[in-house]
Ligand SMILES: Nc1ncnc2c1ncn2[C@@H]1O[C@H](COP(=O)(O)OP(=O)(O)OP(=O)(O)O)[C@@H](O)[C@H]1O
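This document opens with one chain alone, in structure tokens, the form predicted on its own.
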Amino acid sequence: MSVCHTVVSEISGDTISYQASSPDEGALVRGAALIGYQFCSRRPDRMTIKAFDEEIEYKILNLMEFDSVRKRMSLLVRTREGKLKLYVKGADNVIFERLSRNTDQQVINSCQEQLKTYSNKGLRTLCFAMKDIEPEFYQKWNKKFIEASLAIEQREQKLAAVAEEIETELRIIGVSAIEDKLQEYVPETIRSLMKAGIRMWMLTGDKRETAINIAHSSSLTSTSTKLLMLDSRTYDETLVKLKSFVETSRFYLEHGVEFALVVGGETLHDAFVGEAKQLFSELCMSCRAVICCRMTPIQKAEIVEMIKSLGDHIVLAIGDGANDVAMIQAANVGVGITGEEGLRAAASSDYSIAQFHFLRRLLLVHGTWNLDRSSKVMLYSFYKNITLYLIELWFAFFSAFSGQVLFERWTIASFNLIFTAWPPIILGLFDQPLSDKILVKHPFLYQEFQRTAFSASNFAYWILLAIWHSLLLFNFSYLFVGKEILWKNGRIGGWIILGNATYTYTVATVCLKSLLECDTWNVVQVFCSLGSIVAWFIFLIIYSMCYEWGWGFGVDMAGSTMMLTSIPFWLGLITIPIWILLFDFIVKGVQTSFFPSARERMVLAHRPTKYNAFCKECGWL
């Protein structure tokens, strides 16, 4: 424990602190120091430990670092007596495979019992072994090690092959266990995400017993959850078990029994082949949760790719260590947790968070808000453009399809650029369909928003609404300013007055429509919507004077400010948007009153009135 590691010590006065590549390695070194074997210092070729106040120096000869494939690390040192010793630590299944044939079976059984006891308690286990190396053998082996270290191609594979030659006939020393504490609010977060309809998978490199214990403590499974253990050694056994588990899962689903699948990394090789892959996929998608243990980084990525291939699923992978990088990159959305395991997972992710429980707000709150806002912005953008440009179609019936346009060209170009640019932006930034407290308290709303925020029927409704509004805008505008006398002197307006009036009513209707679609109003939203209407009038006044000022353009708009002195024009500005949006208001009122969705019921339940001052379930004003 105090020798076989890559920890770096930092001495400050009489205290020694350790910098480790992983929390587990640092914990082992600190644990060894507590029982009298203190790691003191490390140089490139030497390391010093203090064993009960006696300093012992070891010469470092070769280091075979830990990786997720080998699942072990080795350090070959020369003691002060001149002996060569190989110290190895790693996963139990890897170490036991490399033990000497002369190892006492009673010692092996004792170690396995301790490992099982530790795993059942949810502790992360590790085995330690050593081996005395003969100088003659070392000389020959070291030449191969140097050649592999200097290799340009496939260096890692060659080093692993050379390590296999020396990591044999080991002598077991003992086992260790480290408590891997869960972060705060992990069980609450997992329960909330599962209530939101999200399927949870746990991919870990720990032993099966450890993985199951962690699943229980994190609320991924409960005491009533039936566990289906898939731990076969051959393909035929895996296929038989999968067929049996598929039938069992169908029975559980029919009778409402909660169940989860536990699968080992060795079995996955067979589960991904032939007929077994289809059965494995069906079984996984029917489980409440899936626990995969003894997983390598490549297997984690393969699991993610398999889930993505099963259907139209969005897969989110979250991890905190280098072993999770492949999985994070393979997922649709990758989330990395910064912390004790380093920053490699966070650097490879789409989103980086400091604590696991931040995922609850990231999905349930910001995910829901973002989905609702994005859907509204997209639907609103289609709506406002179709509303404006279909008016030209209705005008074509009156212009005998001569090609004459109703609106002046610069006003058409400025519609999306200036006059209706801010309402969708503000709608996408500030609208909150429900407060964050409600969304966190009621996770089922996450799935409800996915069902109702955007759909084919919803899109068709907005398209039909745009057609209807364009038809009303043109006909009402034609009714008010098309043929009627607009001024007291008996004059009537021409096509450009009709176009500018229709454009004014369209801008007003579209901007007020954005306020009608907002679930929450604030000063910024109201200012931007009403300010867009005011911006059109300022543009109209300035643009209509450009030709009079001798700027050489805007000849068609010259004198258009006369429209602002017409009483019918202002009467239409007051009444036409109200008449058109009154239909939308009635539809919303009828739908909310008689056919409310779960989302709308929740809004009404939390809307403070003199009869409903607070939500009893949530418990806040």
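When you see a residue number, it is the position in the sequence shown, counting from 1. If you're wondering where the values come from, they're calculated on a predicted model, not measured in any experiment.
Below: the form predicted in complex with the ligand, not depicted.
Leu203 is the sole member of Leu203, Ala501, Val263, Ala345 with a non-hydrogen atom lying within 4.5 angstroms of the ligand in the predicted complex. Taking Lys85, His357, Arg72, Lys376 one by one, only a single residue has any non-hydrogen atom within 4.5 Å of the ligand in the predicted complex, and it is Arg72. Within this chain, Thr561 is remote from the site of the ligand in the predicted complex, having no heavy atom within 4.5 Å.
The closest non-hydrogen atom of Gln450 lies beyond 4.5 Å of the ligand in the predicted complex.
Contact check for Phe569: no non-hydrogen atom falls within 4.5 Å of the ligand in the predicted complex. Remark: Arg124 counts among the residues lining the ligand in the predicted complex, judged by a heavy atom distance of 4.5 Å or less.
Shown alone, this chain has one stretch from 149-157, 399-407, 203-211, 429-437 that lies within 4.5 Å of the ligand in the predicted complex by heavy atoms: 203-211. Within 4.5 angstroms of the ligand in the predicted complex, the stretch 66-103 places a non-hydrogen atom from each of Phe66, Ser68, Lys71, Arg72, Met73, Lys89, Gly90, Ala91, taken in sequence order.
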